[in-house]
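Taking the form predicted on its own, here's one chain by itself in structure tokens.
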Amino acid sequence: MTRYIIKRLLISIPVLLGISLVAFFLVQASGDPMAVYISNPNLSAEDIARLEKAYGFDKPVYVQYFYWLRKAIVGDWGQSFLTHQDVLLMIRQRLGNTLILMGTSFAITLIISLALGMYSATHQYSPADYLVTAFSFFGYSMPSFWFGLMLIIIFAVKFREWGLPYLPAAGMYPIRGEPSFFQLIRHLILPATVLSLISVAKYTRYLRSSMLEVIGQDYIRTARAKGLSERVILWRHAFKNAVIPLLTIIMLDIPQLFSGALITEQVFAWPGMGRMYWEHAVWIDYPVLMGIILLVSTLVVLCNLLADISYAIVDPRIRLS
């Protein structure tokens, strides 16, 4: 196991280098990084030329990449062209907000999807199964921005007009007054609901299909013939094997806990990583964009490794070599 992990970590180094190289050239090709300065009427052409030289934009793109890579390896991810703040500091400031939103929705997703997936699989073709299937198709096909706007109209606008307790439509805390845990929960309800709906639909379908395949196996019939209770059969024998495909989806979704949800954070003005990425992508602020891309890429590579390790832990028949 240790040898396998070291081998995978060594392989991940050229993978991350390749990702950073492609991402850097794509970001550079998407627009002029000096646009944030060119639009400033207080800067003359000579000022723009001095800034281009200071940032190294007068050099070829491949030279700029190696200059960025040399600094990134030692932990210097540069400064934002837009805010002139350190990129790592900006990421730390937004990362906590994103983890609150994404972590809450992720926890809700796992609890609901496990319950619905297991129940739907064990009650195949029942009215409840059809209801869960319809809910899954609805959630999976629902555009997040449209669903978020509908929730805002109903629970933030209409409820206020009708004199009912309403939910805030945007932000993380109220503009006026002291931030509190209660206010955080109120602001969290709508965006977490939007994110959970889509993920619950996906996870429920995967778990239902996997459980249906497993509970039809011979060893499940043998366990029933031995007189084991249905609860023991489902959780100790069936679920451990059925959860393996779901583990892949969960591990690949974990990087989203750190990268945020761009559309949902924009709709609800949540100050997270996804919203920050969009704000700086508009101005081609490549130090910030590359910092977020590097963070997410590293998490994706590590989570793929964790997924392989978790297979061996859940199913002893799987051996890593």
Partner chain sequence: MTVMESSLSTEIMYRKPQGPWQLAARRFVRHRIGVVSSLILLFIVGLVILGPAWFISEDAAFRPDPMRINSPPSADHWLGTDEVGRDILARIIYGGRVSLLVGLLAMLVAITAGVLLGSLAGYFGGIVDSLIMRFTDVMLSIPGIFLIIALSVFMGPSMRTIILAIGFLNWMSVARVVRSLFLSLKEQDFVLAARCLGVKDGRIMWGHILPNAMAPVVVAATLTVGSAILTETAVSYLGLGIQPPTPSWGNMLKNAQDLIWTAPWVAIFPGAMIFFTTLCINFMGDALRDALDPRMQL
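All figures in this text were calculated on a predicted structure; none of them were measured in a lab. Residue numbers count along the first chain shown, from 1. Basically, rigid core = biggest C-alpha set you can superpose within 1.5 Å across the two forms.
Another form, the form predicted together with its partner chain, is not on view; read the next lines as being about it.
Screening 312, 306, 9, 22 for any heavy atom within 4.5 Å of its partner chain in the model of the complex leaves a single hit, 22. Taking the partner from the other structure, its partner chain in the model of the complex has a heavy atom within 4.5 Å of a heavy atom of residue 278. Interface membership of residue 241, defined by any non-hydrogen atom within 4.5 Å of its partner chain in the model of the complex, is ruled out. The closest heavy atom approach of residue 76 to its partner chain in the model of the complex falls outside 4.5 Å. With a 4.5 Å cutoff on heavy atoms, residue 157 counts as touching its partner chain in the model of the complex. The candidate spot formed by 219, 228 and 247 lies out of contact with its partner chain in the model of the complex, as no residue has a heavy atom within 4.5 Å of it.
Residues from 293-307 that approach its partner chain in the model of the complex with a non-hydrogen atom closer than or equal to 4.5 Å are 293, 296, 297, 300, 301, in the order they occur in the chain. Once both forms are fitted on their rigid core, the CA atom of residue 253 lies 2 Å or more apart between this form and the one not shown.
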